[in-house]
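Okay, so here's just one chain, in structure tokens, the form predicted on its own.
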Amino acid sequence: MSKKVWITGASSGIGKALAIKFSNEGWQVAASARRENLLKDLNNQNPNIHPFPLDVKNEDEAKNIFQNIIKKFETVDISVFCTGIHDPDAEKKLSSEKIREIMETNFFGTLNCIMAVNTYFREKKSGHISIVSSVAGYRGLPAASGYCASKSALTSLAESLYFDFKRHNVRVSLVSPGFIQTPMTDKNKFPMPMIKSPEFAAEKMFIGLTKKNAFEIHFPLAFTMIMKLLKIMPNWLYFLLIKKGMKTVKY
């Protein structure tokens, strides 16, 4: 009997690549995103991928969609919440409206999906909830006040939920990618060191989600270890290094 996974943000980028990876590995995939036409295209090319259109900003809709998934699949083994937006040009201007939009999608959108599966996994007493954050959640970065804040919040949320769900035998994991070539990172106008393909990310995530048991899945390793070093670096040194970097890329 094939296993089942629910993936949000599945119409493009990491979410799409991950949906295809799970499908190719024989899993039944419930794929959610706002763009229904792109989900249908995925279904046409991969019969194991089933479209469940969803705007994650609507908590009631998230709950209804998950119930529809359960009706079709009967069970869900893993839920992976990949939804994320970023607008570096708008963030340079420090727009409260833009920051609120990013938080509503990245953080509260993910939270809405977690609330949709909350009771199901607690009562099932097994399963896995995975939250896709970013190394941008480690420290604040230029032109990313909303994005970094949303990812930092997701990282802390995952750490807190780890304890809450462990009591019910449910695994919670955190995914912290470096730069991945997606429509979102295409907006960046600065060099992105060690950038990898969505397929690379999907491969690393699939292994981490199904074959390993670590809390955090992070990649590429050389880049994420540098970011982890910045995370523990004294503020004065961190700010000095980032200031020099901003001059290099003409921020």
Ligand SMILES: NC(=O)c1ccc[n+]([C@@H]2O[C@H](COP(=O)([O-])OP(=O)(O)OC[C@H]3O[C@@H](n4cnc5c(N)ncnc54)[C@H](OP(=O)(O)O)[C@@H]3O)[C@@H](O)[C@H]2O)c1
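These numbers were taken from a predicted model, which means no experiment stands behind them. Just count from 1 along the sequence shown to find any residue number.
The form predicted together with the named molecule is left out here; the points below concern that form.
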Quiz item: Heavy atom to heavy atom, is residue 85 within 4.5 Å of the named molecule in the model of the complex?
Solution: yes
Quiz prompt | Interface membership of residue 134, the named molecule in the model of the complex, 4.5 Å heavy atom rule | solution = yes
Exercise. Answer for residue 42 alone: is it within 4.5 Å of the named molecule in the model of the complex, judged on heavy atom distances?
Key: no
Quiz item: Does residue 189 make contact with the named molecule in the model of the complex, using a 4.5 Å heavy atom cut-off?
Solution: no
Quiz item: Non-hydrogen atoms within 4.5 angstroms of the named molecule in the model of the complex: do 13, 34 and 147 all have one?
Solution: yes
Self-check item: The unique member of 202, 65, 56, 30 whose heavy atoms fall within 4.5 Å of the named molecule in the model of the complex
Solution: 56
Practice problem: Name the stretch: of 70-78, 125-133, 163-171, 87-95, exactly one has residues whose heavy atoms fall within 4.5 Å of the named molecule in the model of the complex. | Solution: 125-133
Exercise. Could you list the residues in 161-185 that come within 4.5 Å of the named molecule in the model of the complex, counting only heavy atoms and keeping sequence order?
Key: 177, 178, 179, 180, 182, 183, 184, 185
